[in-house]
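Next comes just one chain, in structure tokens: the form predicted alone.
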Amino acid sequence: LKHYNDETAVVFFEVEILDAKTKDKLCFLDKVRPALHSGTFYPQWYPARQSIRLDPKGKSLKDEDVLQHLPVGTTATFYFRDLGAQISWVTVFLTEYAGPLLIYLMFYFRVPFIYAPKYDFTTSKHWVVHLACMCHSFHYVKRLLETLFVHRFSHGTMPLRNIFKNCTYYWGFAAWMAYYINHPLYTPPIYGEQQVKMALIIFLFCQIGNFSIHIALRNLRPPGSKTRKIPYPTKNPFTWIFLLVSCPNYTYELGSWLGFTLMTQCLPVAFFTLVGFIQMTVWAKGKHRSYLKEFRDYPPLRSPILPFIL
């Protein structure tokens, strides 16, 4: 806990820190002032790695929680849990998004050892293959730029193991999709140019919508804060979907990949879209429940990800 040199404080606390698993005593702090920060409870680990709780199986205390406002007496017992090695969200996002961008381009340019030697550094004769490469690259360049300049994260870090899990998912699917889309034997969509153009419109519309939602969410949180507010539609028409959906960024993301699936008519893309939809639905339901729990005046008409359906 971080000590604040507030000379007006008259109430001191005794704080005991126990291991959340073994219940062993880790440390005892005497004459602790009322305002504390969990980062200096157990200085053996850096703050992001620590979870301080009132109950061994309870939720972690927030960094901004003040000791005198917690449901404890002047003799308080807290439980410590090591969250393991941590890594910043920005690092994870940049790594998991840069991979698909580069991997896809390797297949697009048909670098050696991917296809038969006679196809090395050749290009596809189908214009939809080139369009698909531009759309896929645009999507991940957009994600990289949003990570650097748009997103504001409520948590600075995540477990280090997540980078391996996330990269396996994104990099693996990118390779699988790119292999078939850029394959010399690839065949264009059955309905030809009309199908591709319709898919492109869907893709671009949803990409703009997704970006608009990210900007709206960014504007809800002042720089350096962890403030949570109810997102509402803005003057941007792409944000009006907030009237019906709690997480329209996922709705637009789903639409983008449905458009890409229609454009390429490729089974691995369809499977990636399905898996992504399932995962985003889990995230959306979690955020929707969090909104309902935190805000009593939360709009009742909203669904997590699909209006009136899901």
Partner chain sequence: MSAPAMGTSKTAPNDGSHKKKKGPGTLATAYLVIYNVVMTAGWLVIAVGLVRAYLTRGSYHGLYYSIEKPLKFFQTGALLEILHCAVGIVPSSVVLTGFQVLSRVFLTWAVTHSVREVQSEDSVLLFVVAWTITEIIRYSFYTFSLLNHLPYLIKWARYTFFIVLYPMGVTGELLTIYAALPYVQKTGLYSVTLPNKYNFSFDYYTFLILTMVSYIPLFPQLYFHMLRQRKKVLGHMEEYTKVE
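From a predicted model like this one, the values you see are computed outputs, not experimental measurements. Numbering follows the first chain given and starts at 1.
Not on display, but discussed next: the form predicted together with the partner chain.
At a distance threshold of 4.5 angstroms between non-hydrogen atoms, Thr264 is in contact with the partner chain in the predicted complex.
In the predicted complex, at least one heavy atom of Tyr180 sits within 4.5 Å of the partner chain. Taking non-hydrogen atoms only, Pro268 approaches the partner chain to within 4.5 angstroms in the predicted complex. Among residues of the shown chain, Phe211 is not one whose heavy atoms approach the partner chain to within 4.5 Å in the predicted complex.
Contact with the partner chain in the predicted complex holds for all three of Trp176, Tyr186 and Ile190, each having a heavy atom within 4.5 Å.
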